[in-house]
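Presented below, as structure tokens, is a lone chain in the form predicted alone.
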Amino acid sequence: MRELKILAVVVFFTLLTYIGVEPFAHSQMHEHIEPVDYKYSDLKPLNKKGDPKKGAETFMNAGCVGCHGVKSQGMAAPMDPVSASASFGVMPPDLSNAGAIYDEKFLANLIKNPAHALMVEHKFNDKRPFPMTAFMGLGGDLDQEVADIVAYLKSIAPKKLDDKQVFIDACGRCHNVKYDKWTVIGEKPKLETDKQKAEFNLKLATYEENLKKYLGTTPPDLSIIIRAKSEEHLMNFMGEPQRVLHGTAMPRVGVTKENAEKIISYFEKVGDRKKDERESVTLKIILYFVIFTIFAYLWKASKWRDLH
């Protein structure tokens, strides 16, 4: 009985120390950040109702296909990834899925003022303009033309996308995922000869070098990011990177909350594939120690009873 009392005292003071010290230390080392709601309240709302048919015409007349591909509509990218990165710093995204992935308010503001929508105004200015030019309109109502383009992008977008496709469209032009054979220039193909390997590695290195010049740093491989950062941190960082890390080169992603969660799900599938198995084993181990403790105590009590 005395041992149980000692154990209870130790447990009590251990918990008291942990509860009293750990949260305080965490608050001092990590600034509290209110969760990002993915409503993009800092951006102007889309007040016009768009017309997809007019949007298709405006999209073509505005010259968007000069930089962007739309594979689902038979429009291939005008440049390969390496050539595009040499011109723009990064491969402009294919817009086939944009209407399903990105928040429509974000899309509208991205078209009108890309540096502001992406929260990279601290990196780009008149002397160093942002690679994507702002859409100034075709002579009509600018807001209506933008709303029409957004409606067009939404009309051609698929109804459902899997986690990996959302990641590829939203993040895959800047981040490698070597555990899933994804590179910033696409899926890593099966390379059989040394020449093929050298050619692919040269293309990848060239793209990454151009990307580094564009961003000012090399974006990390995200294979195990889910093990390095919490889900809450990643959600906040995607939604509003400047709030989490002021001055970061990473632009705001602009996805809907649902698609941000899909990206997190993809990270878990790649970097924490044994999560369910690990958690189930953890419960079994805890149960084992509880049972072991009970039997150990009963055995100890029986031995001391014989001695006394």
Ligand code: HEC
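Treat the numbers as computed from the prediction; the structure is a model and nothing was measured. In case it trips you up, residue 1 is the first one in the sequence shown, and so on.
Here the subject shifts to the form predicted in complex with ligand HEC, a form of this protein not shown in this document.
Contact with ligand HEC in the predicted complex, defined as a heavy atom within 4.5 Å, is made by all three of 132, 219 and 248.
Residue-level contacts in the predicted complex: of 175, 164, 105, 116, one residue has a heavy atom within 4.5 Å of ligand HEC, and it is 175. Note on the partner interface in the predicted complex: the residue among 122, 233, 197, 71 having a heavy atom within 4.5 angstroms of ligand HEC is 233. Remark: residue 229 counts among the residues lining ligand HEC in the predicted complex, judged by a heavy atom distance of 4.5 Å or less. Although the partner is absent from this view, residue 238 contacts ligand HEC in the predicted complex, with a non-hydrogen atom inside 4.5 angstroms. Using a 4.5 angstroms threshold between heavy atoms, residue 81 stays clear of ligand HEC in the predicted complex. In the predicted complex, ligand HEC lies within 4.5 Å of some heavy atom of residue 93. Checking 156 to 164, 133 to 141, 185 to 193, 198 to 206 against ligand HEC in the predicted complex, the stretch whose residues place heavy atoms within 4.5 Å of it is 133 to 141. For the stretch 56 to 73, the set of residues having any non-hydrogen atom within 4.5 angstroms of ligand HEC in the predicted complex comprises 59, 62, 63, 64, 67, 68, in sequence order.
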